[in-house]
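Only one chain is shown below, in structure tokens, and it's the form predicted on its own.
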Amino acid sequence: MNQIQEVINKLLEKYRSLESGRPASYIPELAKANPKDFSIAVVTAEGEVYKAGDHTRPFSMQSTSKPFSYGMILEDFGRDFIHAKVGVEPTGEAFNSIVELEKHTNRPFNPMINSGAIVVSGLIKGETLQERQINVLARFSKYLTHDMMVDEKIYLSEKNTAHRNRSIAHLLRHFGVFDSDIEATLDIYFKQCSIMVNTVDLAMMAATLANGGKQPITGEIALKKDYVGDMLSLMFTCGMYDSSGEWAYSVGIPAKSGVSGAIFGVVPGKLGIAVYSPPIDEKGNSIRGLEVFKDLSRELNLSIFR
């Protein structure tokens, strides 16, 4: 059996009984997730797929969508335009923090936290709200071999409980960071977070980045190669929220997590990895996912520092 398949089978069994954490509760639909769901997938830059566990179980992308929307805006407007509105520095704060907006530049530190991702959502092209939503789905789908969809129940659950994100959006408007319609911008943001994938899908999206932005199976360019490095560098420094430093030390690859329990990572030129397990820690990261990535990095020698 291939070494990758052996390793992920072993890690699935090793961490299946880990019961720390619980599914995110501040979004009611996410709280309904089965805490026993657990899957691992690895896709190589050539399109070879390795999978274990509940790999067909769908889940919402949540913040794992943020690098991909950032990539869209990079392609559409260029670096100078977006970085005049959103920075590239880690915050050391929680993903939904508003502290840095008041204390520092009044500009989001990076596009991997909620404030930065909301600004990015306000820049997505389209004459109408529907056109902008279609644009997101079409651009994200280039990373896969099939179309993507939004889960309406999760979208509405987020929209109806998003008081903190609305506060962030109003604060951004107050500081003049963006002048888009607040509710329309948040609608795009909530729907982006509610796009459904499974573990193999997310690993395939990661493998596309590992392959320089070219989808490994279809050969379609999902993102211009010139911008892949921008995405990966921000994922590495900011993708795991206020545990990004620990992640760099213990795992050593660009990655992004989401509060649905998903984490994906990219080993440039080699492969993409995704883990799904709903129980998360206080920082919003999948607990089983963290452990799997640590072991995978050691056993397959994946850290960019080794």
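Counting begins at 1, following the sequence as shown. Computed from a predicted model, the values in this text were never measured in an experiment.
Not on display, but discussed next: the form predicted together with a small molecule.
Exactly one listed residue, out of A33, V267, A52, V259, brings a non-hydrogen atom to within 4.5 Å of the small molecule in the predicted bound form: V259.
Screening A169, M235, C193, L202 for any heavy atom within 4.5 Å of the small molecule in the predicted bound form leaves a single hit, C193. Under a 4.5 angstroms non-hydrogen atom cutoff, the small molecule in the predicted bound form lacks S69 among its neighbouring residues. Using a 4.5 angstroms limit between non-hydrogen atoms, Q62 touches the small molecule in the predicted bound form. Among residues of the shown chain, N211 is not one whose heavy atoms approach the small molecule to within 4.5 Å in the predicted bound form. Using a 4.5 angstroms threshold between heavy atoms, N165 counts as touching the small molecule in the predicted bound form. At a distance of at most 4.5 angstroms from the small molecule in the predicted bound form, none of the three residues T44, A206 and Y276 contributes a non-hydrogen atom. Residues within 4.5 angstroms of the small molecule in the predicted bound form, judged by any non-hydrogen atom, belong to 24-32 and to none of the other stretches in 268-276, 24-32, 44-52, 243-251.
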